[in-house]
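One chain follows as structure tokens, the form predicted alone.
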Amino acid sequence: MTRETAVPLHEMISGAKEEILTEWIKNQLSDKSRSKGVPEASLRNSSSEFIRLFEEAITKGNVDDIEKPEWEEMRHMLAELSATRASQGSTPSDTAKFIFSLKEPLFARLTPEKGQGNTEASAAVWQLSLLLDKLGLYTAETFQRTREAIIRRQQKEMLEMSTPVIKVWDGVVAVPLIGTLDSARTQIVMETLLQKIVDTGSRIAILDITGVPTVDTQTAQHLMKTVSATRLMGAECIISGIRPQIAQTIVHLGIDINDIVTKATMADAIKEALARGGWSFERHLESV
């Protein structure tokens, strides 16, 4: 059995680079499960850039450790690819498959013909397989981190949108709270409220908890923190939306709110705030 002379891996790829790229792109476009959120032009550009960087990296000799400097450009390219595809609605599997789908056109040219027993070519196939697996996993992990960052940002934006601070009158702002008041949301409420107090020069802030389903010890502590922070800014708090069930819970928990003005409704809280600001109102009934 004849043993063929070993050919460097990068030479084996360089000799058929254009054919490999063409077949790779064709296979990706023909894949019925391909994410439709990735435009064809983007797919072609990404594939071409990947092949170029891939060839450059393996030419430098390191095909084992993709954390080494020679793979830096490739890692940067894959990080951008992952971020882009995450925003386009692709899944981690879709993104990793971009790498794994390169195996078929590569191996078709590296696998020795049946019966030849080309040990060098077989070793190259195995080496490339491990390398592409590492790149695919790196892409999936980067995609996941990017996706989690997007989700965290969206959650923060939703929290900010769900806790608006409204200027209801000169010197009076109100925060209608809806849903559970946890630590993260309390922080956003405080930051938004305190900034609004500074911007408007308000002296009274109304915290309306009509939309808060339950008040437990933790929720009450979050409210107290908000009240304390508001007072440090020179403003006073009025808590409205105290329903009978919430009043009983506060008493049962032994929470001391004697120094905080509370009202049953937002309307009562606004009247109280305006009265403290020196405003008075009279109701005039028109005769029919």
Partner chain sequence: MAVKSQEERSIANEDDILDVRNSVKRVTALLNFSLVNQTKIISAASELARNTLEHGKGGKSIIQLVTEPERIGIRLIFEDTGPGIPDLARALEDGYSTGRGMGLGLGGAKRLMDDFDIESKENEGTRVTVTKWTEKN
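Positions refer to the first chain, counted from 1. Worth saying up front: this structure is predicted, and the values here are computed from it rather than measured.
Form predicted together with the partner chain: not shown, discussed below.
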Though the partner chain is not shown, can you say which of E104, D170, E191, E148 has a heavy atom within 4.5 Å of it in the predicted complex? E148
Counting any non-hydrogen atom inside 4.5 Å, which residue from I66, V261, I51, A220 sits next to the partner chain in the predicted complex? A220
Just checking whether D216 would be counted as a contact of the partner chain in the predicted complex - the rule being heavy atoms within 4.5 angstroms. yes
Is there any non-hydrogen atom of R152 lying within 4.5 Å of the partner chain in the predicted complex? yes
Would T91 sit within 4.5 Å of the partner chain in the predicted complex, counting heavy atoms only? no
Does S30 reach the partner chain in the predicted complex if we count a contact as any heavy atom within 4.5 Å? no
Indicate whether the candidate residues N45, A83 and S87 are all in contact with the partner chain in the predicted complex, with contact defined as any heavy atom within 4.5 Å. no
Among 253-261, 51-59, 22-30, 234-242, which stretch has residues with heavy atoms no more than 4.5 Å from the partner chain in the predicted complex? 253-261
Contacts from 232-249 to the partner chain in the predicted complex (any heavy atom within 4.5 Å), listed N to C, are Q245, I246, Q248, T249
